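The data below hold one chain only, encoded as structure tokens and taken in the form predicted alone.
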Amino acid sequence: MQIKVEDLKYTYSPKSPFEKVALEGITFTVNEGDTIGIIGSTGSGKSTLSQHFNALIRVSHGKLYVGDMELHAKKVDLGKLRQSVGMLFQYPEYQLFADTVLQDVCFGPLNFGMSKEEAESRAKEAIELVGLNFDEVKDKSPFELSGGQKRRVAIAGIIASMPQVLVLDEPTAGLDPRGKRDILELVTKLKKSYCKTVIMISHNMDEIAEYCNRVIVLNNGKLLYDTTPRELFKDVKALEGTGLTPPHTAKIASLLANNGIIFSDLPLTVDEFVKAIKGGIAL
């Protein structure tokens, strides 16, 4: 499912003393199979943009296509759209509400018109896919679980409806390093089995560098870059003025380059960095 954004603009509280331009002339395309990172400092427009993808914010200027759906049209089939585009908000465990894990995960499928039996079947599959034991957790209150388990339940609640696009807003926020790695590995697993396209909003450039094949950089509501992580981060000055910093490996590579040690290709991850060191650095 392709997402196409054309000249998208959005202003909060227009024609008032509180008017704030959040997006200005944004144009880009998300191709099916992409894992796109959307980055930018606080207030750059990341969340405003992402909330357009499933019409939590309606298009007020420009055009936005999600598959064959025109989100800039007066009438949009919100049920079809929100089943196609699953959105995981920051700290999604705070959105858990039902008495049991099974009821919580079934909520989406039931609201999209599935029978109770089908919803429970989807829920079981989703719960197991996110790495939880269905029989152990299905009758528990979500609030009895650990923070990492709660986040997995929240993700299961989204993928139980089998969306084609998964939008993640700071998916690793608040987690320890092991929890972050687990969630990102889970996202990779989901991409192979459920959601062909992933859009990830993050302040963590190391995560963007490792998991995304494209990166969109927003600054003050404008699209600054649409490129690959390797192209973006090979110039450590590219993010100046955005409030963002390059991945650690890119910063180390830049320091080494200043001392005459140059990599033939920028290593973006720790594994790539170690491999480049072992294989010998081009001088």
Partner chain sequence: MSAFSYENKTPIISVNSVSYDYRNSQGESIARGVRGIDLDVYQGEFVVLLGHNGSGKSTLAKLLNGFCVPDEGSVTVAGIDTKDDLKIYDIRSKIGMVFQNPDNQMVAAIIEDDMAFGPENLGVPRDEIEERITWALDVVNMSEHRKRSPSKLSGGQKQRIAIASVLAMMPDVLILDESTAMLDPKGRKEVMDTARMLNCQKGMTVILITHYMDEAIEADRVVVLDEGKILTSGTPKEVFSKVDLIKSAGLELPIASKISSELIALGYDIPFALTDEELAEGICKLKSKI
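Residue numbers count along the first chain shown, from 1. Everything numeric here is computed off the predicted structure, so don't read it as measured data.
Separately, the form predicted in complex with the partner chain exists; it is not shown, and the next lines address it.
Exercise. Pick from K189, H203, H72, K140: which has a non-hydrogen atom within 4.5 Å of the partner chain in the predicted bound form?
Worked result: Selected option: H203.
Exercise. Can G260 be called a contact residue for the partner chain in the predicted bound form at 4.5 Å between heavy atoms?
Worked result: Heavy-atom contact with the partner chain at 4.5 Å: present for G260.
Exercise. Quick one: is V236 in contact with the partner chain in the predicted bound form, heavy atoms, 4.5 Å cut-off?
Worked result: Although the partner chain is absent here, V236 would stay clear of it in the predicted bound form, with no heavy atoms inside 4.5 Å.
For this session: Determine whether any heavy atom of G131 comes within 4.5 Å of a heavy atom of the partner chain in the predicted bound form, and answer yes or no.
Result: Looking in the predicted bound form, residue contacts with the partner chain do not include G131, since no heavy atom lies within 4.5 Å.
Exercise. Taking 4.5 angstroms as the cut-off for heavy atoms, does K124 touch the partner chain in the predicted bound form?
Worked result: Heavy-atom contact with the partner chain at 4.5 Å: absent for K124.
For this session: Go through 213 to 221, 27 to 35, 242 to 250, 61 to 69 and give me the stretch that gets within 4.5 Å of the partner chain in the predicted bound form, heavy atoms only.
Result: In short, 242 to 250.
Exercise. Every residue in T42, L256 and K278 with a non-hydrogen atom within 4.5 Å of the partner chain in the predicted bound form?
Worked result: Spot residues vs the partner chain: full contact, yes.
For this session: Could you run down 159 to 187 and flag each residue that has a heavy atom within 4.5 Å of the partner chain in the predicted bound form?
Result: Contacting residues: G174, L175, D176, P177, R178, K180, R181.
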